[in-house]
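Coming up is one lone chain in structure tokens, specifically the form predicted on its own.
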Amino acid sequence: MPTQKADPPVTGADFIKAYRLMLVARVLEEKLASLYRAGAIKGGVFLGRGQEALSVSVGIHLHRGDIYAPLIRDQAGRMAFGDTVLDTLRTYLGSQLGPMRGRDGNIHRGRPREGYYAMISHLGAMIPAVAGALLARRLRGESGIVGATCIGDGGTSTGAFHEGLNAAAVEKLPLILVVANNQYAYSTPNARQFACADLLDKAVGYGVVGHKVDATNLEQCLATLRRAIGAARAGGGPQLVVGDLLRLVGHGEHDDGSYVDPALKASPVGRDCVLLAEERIISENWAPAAECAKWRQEAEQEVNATVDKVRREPGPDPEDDDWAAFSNSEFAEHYAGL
């Protein structure tokens, strides 16, 4: 019997590339929280603090032509897939120059023609959406592409999770479904959400391949998502990835998270993946502490300069703006991928 080929190791360069994307996402979200508290953002702000390692590992392994449907805590994955600080801030601050023209809340941004899908707020809804898009690609004769989407543990309790994953399994679609098991569906703990011993057990029930990862560990996340995405791309069907972590903030900036068990915060699952990644870089001598500090300073400068720029841009004018985006030739090319 031939031996299974070992996965290539995660290199220092791989690690640093992912870490720097995580760092930009963290700094950007810190600024978003500050802007929200200052009353500069209309609508909610939902941060991915503690989920960056899992999120970045999805976006960084996708290729041009793939489908990516992130959720509200996937800023790091969005950055890895090609989103920018500028587009993010334009959406949150309601700029008319942003990808959603200041029209669709502050988290529903995307570029569908480029495979970057705008989020549907209903939890789990992106699973059947991506499954349908993958089936459409297959019917068009396209191959070699995958689709990835992410949910939290609470999303696994929805009907859309069942319908989407079941359909993908039956059709053996190249879907990667990443579950950020952040211990709470808003304020509902796991023990009140599902009775199975582990969310990974659901993979067996649907007949799909399951992967488990410590989502506070960037190296493990990079290796696991590379393996899962590669398997889906090679014809292995849907891949369910469960990452254990703790949401290190409340459900949103309006929520103080006081219901979170202090024992969870003090446990290994409550570690900060960004800080752990920085410690690993320094301990491995991949970069000195001063260099890490410089990367953060550069991220802060980019974010602050972009905020200044975007706050001077116009918002949509309800009196003069043409809101018929789908029938307007100016936007026809942008929305052709829907």
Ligand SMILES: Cc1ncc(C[n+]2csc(CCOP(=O)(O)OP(=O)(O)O)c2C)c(N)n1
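The first residue of the shown sequence is 1; numbering continues from there. Since the structure is predicted, the reported quantities are computational estimates derived from the model, not experimental observations.
Beyond the structure shown, there is the form predicted together with the ligand, which is absent from this document and is the topic of what follows.
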None of L135, A118, L123, L248 but one has a heavy atom within 4.5 Å of the ligand in the model of the complex; the exception is L123
As a check of understanding, the residue in A80, L93, V130, A185 with any heavy atom within 4.5 Å of the ligand in the model of the complex should be identified as A185
Review point. I72: heavy atom within 4.5 Å of the ligand in the model of the complex?
Key: yes
Q.
Contact with the ligand in the model of the complex for G155, defined as at least one heavy atom pair within 4.5 Å: yes or no?
A. yes
With a 4.5 Å heavy atom cut-off to the ligand in the model of the complex, the contacting stretch among 164-172, 146-154, 98-106, 231-239 is 146-154
